[in-house]
Structures are given as C-alpha cells and as structure tokens.
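Taking the form predicted alone, here's one chain by itself in structure tokens.
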Amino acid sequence: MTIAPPSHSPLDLEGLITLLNERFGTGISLLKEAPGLVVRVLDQAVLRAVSRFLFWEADGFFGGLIVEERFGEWTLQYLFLLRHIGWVDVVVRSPFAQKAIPSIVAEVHAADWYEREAEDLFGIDFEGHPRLGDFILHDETWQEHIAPMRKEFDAAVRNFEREPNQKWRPTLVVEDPGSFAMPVGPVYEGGLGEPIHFLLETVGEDVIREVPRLFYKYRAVEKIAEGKAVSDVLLLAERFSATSAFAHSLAFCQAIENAVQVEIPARASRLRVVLAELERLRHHAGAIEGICQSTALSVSEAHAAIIEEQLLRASAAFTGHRYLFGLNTLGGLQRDVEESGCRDLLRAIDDADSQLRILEDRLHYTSSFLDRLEDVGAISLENARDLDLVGPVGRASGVARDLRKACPYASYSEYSFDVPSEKEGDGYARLRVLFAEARESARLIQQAIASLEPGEISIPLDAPVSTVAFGWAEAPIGAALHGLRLDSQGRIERYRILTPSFRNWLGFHLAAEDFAFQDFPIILATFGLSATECDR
C-alpha cells in the first residue's frame, strides 16, 4: 500500500469532527470525551472507510482493539491516536447473536493479529479477514469453538486436549520444486529463552516465508483479572512481563488516575520518569548484549552484559528491586528515595552511559560485526508505517512515534529530549537507535533528578466505580496501552493489555524474509522482542 500523506495536516479536533461528518454523515455519531473523541459507528458498512480515513488520511497510530461482551451485545473499540488531537475511539456495537463484524485488515494491516486474537478468544468472525483460527489457541492442543474470554466460559473445566492432534499440519505457501519448511523451536534459545516456534520456508539458502508461532504459554491474564480488586490486578500488570515491569504498572496506574482526573504529587511524577528511563536504559543494554551474542562477538557481549548487570544492581540499590517491582501504586509511588541514593544512581548512570559510548565506538569500527548487520533485515518506511511498528523497531525505519512526546504523561513534558530515528530500517539502524535512546534515557534521568523537590510521593486514591479507565506508557520496546472497565464495586469487569511486542511480531517476517538462514538469529536479536509479553 502506498503511503498517502494526510489530506488535512495538521488537523485539530474541530477540523476532524467536520471532516468525519462530511465523509460519513448518518453512518456515525460523535462524542467529545477526554482524552479525545468517540466515533460511534451506527452503520457497520462504513467501519472500514472510517478506519482507513483515521489511519492513512489523518495519519493516525492504530493502538489496538478492545472487545467486550456486555448487556447482550458485543462492543468493539478500535483505538487510534492522532497528533494534536489525542485518542480517537471508534466504537462498534452489535447484537450478541450476530458474531460477524467487517474486518478492517484490508485497510489497516496493523489490525491483523488483533482480529485473529479476538476471533480465537471471543468467537467473533471478522468478515473478509484472510486467515482466522489456529492463533492464540493452537489447533493441535485446544478443542474447536472454545472462546475463553466469553462470560460463559468456565475456567475450572479442562478445555484442551491431553494429547497433541497428530493430524495437525502447518499451512505452507511455498510450493516450488525443491522447497522445504524448516521448523525452529518451540524449544529455541537463540538469546530469546522463551517458547516460540518459527516456520521457515525456502528453496535454497534464503528464507522465502517466515511465520512466528507464539502463545505456547498463554496465561489468560485478562481473564484472571475479571472480578478482582484493582490492587490485585496491579500485581498482574507488573509481573506478566518482567523486563518491562515498571512501564506496564505505570500504564495501569495512570489508567485509574486518568479516570478520576487526579494529579499525583510532583515528586512522584518526576520519580516515575527516573524509574521508567532506568528501566529503558537497562533494557537497551540487554538488547545490545543480545545482538553481540547473535554475532558471536563474545568480548562485546561480555562488555554489554557487565553494563546491564551494573544497572540491575543500581536499580536494586535505588529501589530495592532489580526489575523495579512493587514501586507504582494508585496515586503515586510506594516508596521514596534518599538524596544519597540519587547521587549513587547518577554515578551509576554516568558510568553506564560512558561504557555504552565506548562499546558503540568499538562496534562501529568492527567490520566483521557491521557486515552481519548492515543491509540485513531491512524494513522500509512504507512497510513499517503499513504495520504501524512501534518502539526502536519502528523508529529505525523512520516511524518516529513515541508516546512520551505524542501523548505526554508523568513529567515528560517538563524535560528536553529527542526521539532518535533512522531511515535504513536494517539491523544496524536498530542498533544505532538503541544506543541513541540509551543516551537520551541517561539525560532524562539526570534532568529528572535535578528537578526533584521535597514533597509527598503519593495521595490516597480509591478505585472509582462503574467507569472505564485507559492509560499508556512508552515501554522500552514501544507503546503499551492498558484499558479497564470497573463494576459498581470497583472491581475489574474487563482488563485489556495492548503490548508493543504483540504488534511488532506481526512485522518480524518482513525483516526475516529474503535473507539467508544464518542471518535469522541476528535479525531476531535486533528486534529485541518478547514472547512472554504476548503470552498474557
């Protein structure tokens, strides 16, 4: 698909409302609602056109899909983020007996996995989608027509096969003479350390088609959350993906704080920036370590591993936990930090920043290393925009979106920082973005600590009742969104987690295909994705 420039740029909210009314008339109704606009689709025939307009013509970011089963009907919420406007929610309601909804994938390719997920977990049929089924719930282990996210689903009843289905076969595409399919995993190390299966189809040395198969450890976090207290679900939010624990718990807490429109204490807000950037810096050091490991550069791998370990120890000394567990709470933070702890952290950050600069310089002049990354695993700007890739992966291809800038939260609007981006979209571009983002994280930590003033770190905050809450954060891998619906007792009725890895795995095949088998683990390392973040 050719990238269409925005027809009216930049749009403001009133301009968007005017355009939507002109284009779709009685097919939609509009409601201004913080933090943006709700577009209610009255005629499902216009759903695809509305989605195309918001994504391509209005240059929107597709945040994901939230499905709910309430009061005898389906509610589907398509999230878009538009510059200068904020969040635009496209809402479709349909009688429960009607399980066929128009697919928007032909217009918004980034919605592909979200619709497949909803079909598997809720049983909704997305008309026009090219491939549904055998996704989250693997056909060889789960019985057909099970929808575990439905209200009627009984988690106490065993609903999967004890023995694998011996008749199951993967769907193959390459049929040329001499073609073969190479299965890799699901017991696959390769620096990933998580169960994931790759099917690589080829007729020679180059990968022609690559299909990642995840969800071997589907944990139903969203289902487990139903009926639980908000405080209990906060524990789930920060523990389903340890490497981005703080970002996810931050998005969760901000969802509730946004719902009650409370402003947390300035000290807590600034410390949240410190901790979020500390997590990003540590994560990127680990991702760089993985890239060095994939190229068998053992000395540089050890160098990066030492930096990561030093940052983990600094995190533990500063907060009491290496992965920043147990810090976020509704209304602020659980614990304060001493001035001496801030000084120690700054020294650790300065040292990590210095060592990363040394490592980057060494790698830049290591020709054998560059040969494995330059022009390898490239994703064009057009393809990255088409699938709306996020985080360092998207920014390496020129999609320079970042929620810290596009939709500021915590105290990010107070500080000066850049969003690094590159154009080449190859493995080396992704590595350069990681190094550049690490430098910006160090600079942000320094600014945030310098701006700290004495004060409270939290305010009393009870969970609201009978409301919808929505929060976001720019996790180390990209945009993380958390949506909640609370019942009349303030308990979780619906919990939805939209993770950056889930989005970027969809685009991984673009980097892996048309490159040699020996490039595959290197390309995988440059993506730095998490399977665990998808197995939620």
Partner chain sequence: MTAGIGFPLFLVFAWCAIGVFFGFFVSERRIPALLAWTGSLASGAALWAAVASLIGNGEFHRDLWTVRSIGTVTISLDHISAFFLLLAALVVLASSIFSASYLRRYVGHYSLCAFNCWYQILLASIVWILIEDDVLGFLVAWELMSISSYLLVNFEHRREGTKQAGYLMLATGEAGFLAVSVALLFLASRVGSLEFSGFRGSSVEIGRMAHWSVFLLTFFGFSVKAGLAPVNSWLPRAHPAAPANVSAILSGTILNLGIYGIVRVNLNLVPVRTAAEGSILLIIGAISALLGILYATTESDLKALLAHSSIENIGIVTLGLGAGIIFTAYGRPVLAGMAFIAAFYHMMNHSLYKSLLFLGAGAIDECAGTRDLDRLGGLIRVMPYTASVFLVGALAISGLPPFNGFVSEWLTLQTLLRSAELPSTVMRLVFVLCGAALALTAALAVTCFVKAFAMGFLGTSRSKKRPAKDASRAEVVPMALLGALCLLLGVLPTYVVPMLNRTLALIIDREATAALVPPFFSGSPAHGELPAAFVADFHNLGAQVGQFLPGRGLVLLHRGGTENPVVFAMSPSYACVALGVFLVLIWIVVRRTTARRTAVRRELWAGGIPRLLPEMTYTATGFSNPVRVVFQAIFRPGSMGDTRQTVAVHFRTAIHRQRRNIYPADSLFFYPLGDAVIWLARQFAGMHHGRLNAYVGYSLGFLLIVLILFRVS
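Only a predicted model underlies this, so the values are computations on that prediction, with no experimental measurement involved. Residue numbers count along the first chain shown, from 1.
Separately, the form predicted in complex with the partner chain exists; it is not shown, and the next lines address it.
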Self-check item: Among 393-401, 445-453, 265-273, 202-210, the region lying within 4.5 Å of the partner chain in the predicted complex by heavy atom distance
Solution: 202-210
Quiz item: Given that the partner chain is left out here, which of V468, L506, L498, V46 has a heavy atom within 4.5 Å of it in the predicted complex?
Solution: L506
Self-check item: Residue among D386, E117, E422, E257 with a heavy atom within 4.5 Å of the partner chain in the predicted complex
Solution: D386
Self-check item: Non-hydrogen atom contact A181 with the partner chain in the predicted complex at 4.5 angstroms
Solution: yes
Exercise. Considering only heavy atoms, tell me if A97 and the partner chain come within 4.5 Å of each other in the predicted complex.
Key: no
Quiz item: Closest heavy atom of D125 to the partner chain in the predicted complex, within 4.5 Å or not?
Solution: no
Quiz item: For P177, is any heavy atom within 4.5 Å of the partner chain in the predicted complex, or not?
Solution: yes
Quiz prompt | in the predicted complex, residues of 98-124 near the partner chain [heavy atom within 4.5 Å] | solution = V105, A106, H109, D112
